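In the form predicted alone, a lone chain appears below as structure tokens.
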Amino acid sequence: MDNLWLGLISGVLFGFVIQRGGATDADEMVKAHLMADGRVPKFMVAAVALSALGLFGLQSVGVGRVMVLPVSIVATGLGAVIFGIGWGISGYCPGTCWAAAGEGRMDAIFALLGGLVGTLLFAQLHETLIPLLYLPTSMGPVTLTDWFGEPGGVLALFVVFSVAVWLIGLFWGSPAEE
């Protein structure tokens, strides 16, 4: 039960942070997608990097648990395309959509409903899609730790995301530059 409270508290804190970072504002997301403002992409990449370090910390004290699922090139690629199209059309990714809907943004509520319909559709087609898209290119459960060892995988992830933040700052505009 303590883990449930930890999850609830961390979820509320994460929602607060993404709201304060501007990730629940579709207009800010549009600026990020048009590479006109790098604040939201920097924030999101930094949030993922810090979350990875937090998960590593939780695992090291025996609280965190990770379930590694098999990786499939085609299924992941197709999912990424669908994810990107949905994000581009709505201005929200799934996490920011829930937080924006919690703020009462009507566009986010419609995006949330679209995501739920997509989830229902996938659930109905799941048994058909697995042998067609998932199994032929499944690589099994692969992690950065498999490639770099422990704690090299976490360090590699941190370095990748740190470089990503730097590249976003290099190529994306910022409001001060306008």
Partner chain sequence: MNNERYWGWVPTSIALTGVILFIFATFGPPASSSGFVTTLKGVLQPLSPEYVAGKEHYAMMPGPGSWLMTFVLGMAIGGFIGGRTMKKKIHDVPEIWVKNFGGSRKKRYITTFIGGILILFGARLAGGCTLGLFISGSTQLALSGLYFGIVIFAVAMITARIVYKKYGKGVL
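Fair warning: this is a prediction, and the values are worked out from it, not measured in the lab. Just so we're on the same page, rigid core means the largest C-alpha set that superposes within 1.5 Å between forms. Residue numbers count along the first chain shown, from 1.
Another form, the form predicted together with the partner chain, is not on view; read the next lines as being about it.
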Check your understanding: residue 138: heavy atom within 4.5 Å of the partner chain in the model of the complex?
Key -> no
Exercise for review: Would you please decide whether residue 164 lies within 4.5 angstroms of the partner chain in the model of the complex, comparing each non-hydrogen atom pair?
Suggested key: no
Practice item. Considering only heavy atoms, tell me if residue 12 and the partner chain come within 4.5 Å of each other in the model of the complex. Key: yes
Exercise for review: May I ask you to state whether residue 60 is within 4.5 Å of the partner chain in the model of the complex, using heavy atom distances?
Suggested key: no
Review point. From first to last in sequence, which residues of 74-102 have any non-hydrogen atom within 4.5 angstroms of the partner chain in the model of the complex?
Key: 75, 76, 77, 78, 79, 80, 81, 82, 83, 84, 85, 86, 87, 88, 89, 90, 92, 93, 94, 95, 97, 98, 99, 102
Exercise for review: Could you check whether the CA atom of residue 149 moves 2 Å or more between this form and the one not shown, using the rigid core for the fit?
Suggested key: yes
Point to revise | Post core alignment: residue 117 C-alpha displaced by 2 Å or more between this form and the one not shown | key: no
Point to revise | Core-aligned CA displacement of residue 129 at least 2 Å between this form and the one not shown | key: no
